[in-house]
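Below you will find one chain, with nothing else, as C-alpha cells; this is the form predicted on its own, and questions on how it binds or moves follow later.
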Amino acid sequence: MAEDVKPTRKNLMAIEDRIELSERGHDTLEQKRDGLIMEFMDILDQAQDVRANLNQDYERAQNKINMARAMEGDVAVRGAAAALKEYPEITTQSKNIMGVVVPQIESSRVKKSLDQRGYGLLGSSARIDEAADAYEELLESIILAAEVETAMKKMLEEIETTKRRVNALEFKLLPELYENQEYIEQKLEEQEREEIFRLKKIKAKKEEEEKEERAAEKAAAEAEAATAD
C-alpha cells in the first residue's frame, strides 16, 4: 500500500532507483523471452521433422522385422539378436541456448557392420540384415528425438519462467512502485505548499510587527517633538 510508505525525499530517491532497475530488468527479460521463443520455434520445427522421421523409421523397422520373421522364422531372428556382442554407447554433454542448459546426446556403435553384429555371414540372411539396419536407424532416430524433445521441454519451461517474471514486474512490482512514487511526490508537494504558506504567514506577521514598531516609533517621536515645543 502506498500509504505505508513514509513520504520522504530519501524514500522517493530509493523508489526511483528501484523503478529504474526494475524497468531495465523488465526490458532485459522481455528480450530474453523473445529470444527464447525464437529459439524454441526453431527447435519445434526440428522436432516436427524428427518426429516424422521417427514414425517413418519405426514403420520401416516393423515392416522389416515382420518380413524377417515371416521368411526366416522367430527362432532365426531371436538367434541373430542374441548374437549381438557390442552394444551402443550413449554419452551426454550439455550446451547453452540463451542461458538454458540443454543436453547434447552423443552415440557410438549404433550402426554396425555384419561382423560387428555377432552372427556372421553364415548365420544371417538378407531379411535379417535389412531388419537389423532398420532398427539401427530407428535407434539413431530415437536418440536424436530424445535430445530434441528434452531441449524443447527445457526451453518451454524457461520461457514460462521468464514470462512469469516479466508479468510480475509489469503487472505487480512496477505498478506498486509507480503508485508509491506518485504518493510520495503528492505528499512532498503538499508539504512544500504548507511550508510556503507557513513561511508567508511568518513573513506577513513579521512585516506587520515591523510596521507596528515603526508606527510606534513614529508616534513616540511625534509625542517627544510636541513636548519639546
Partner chain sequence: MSQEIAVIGSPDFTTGFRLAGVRKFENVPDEAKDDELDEAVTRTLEDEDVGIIVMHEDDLDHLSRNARQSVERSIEPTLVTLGGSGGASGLRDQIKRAIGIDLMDE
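Rigid core here is just the name for the largest C-alpha set that superposes within 1.5 Å across the two forms. Positions refer to the first chain, counted from 1. As the structure is a computational prediction, the values presented were derived from the model and not from experiment.
Just so you know, the form predicted together with its partner chain exists too; it's not on screen, but the next bit is about it.
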* Asked: If you check in the model of the complex, do Asn55, Ile128 and Ile142 all have a non-hydrogen atom within 4.5 Å of its partner chain?
  -> yes
* To do: May I ask you to check whether Glu149 falls inside a 4.5 Å heavy atom distance of its partner chain in the model of the complex?
  => yes
* Touches its partner chain in the model of the complex: Val166 (any heavy atom, 4.5 Å) -> no
* Looking in the model of the complex, any heavy atom of Arg78 within 4.5 Å of its partner chain? -> yes
* Asked: Is there a heavy atom of Glu192 no more than 4.5 Å from a heavy atom of its partner chain in the model of the complex?
  -> no
* Asked: Since the chain is shown here on its own, which stretch among 62-70, 175-183, 22-30, 198-206 would lie within 4.5 Å of its partner chain in the model of the complex, judged by heavy atoms?
  -> 62-70
* To do: Scan 74-94 and write down, in order along the chain, each residue with a heavy atom lying within 4.5 Å of its partner chain in the model of the complex.
  => Val77, Arg78, Ala80, Ala81, Ala82, Leu84, Glu86, Tyr87, Pro88, Glu89, Ile90, Thr91, Thr92
* 2 Å or more on the CA of Glu130 between the shown form and the other one, with the rigid core superposed, yes or no? -> yes
* After the core is overlaid between the shown form and the other one, has the C-alpha of Ala68 moved by 2 angstroms or more? -> yes
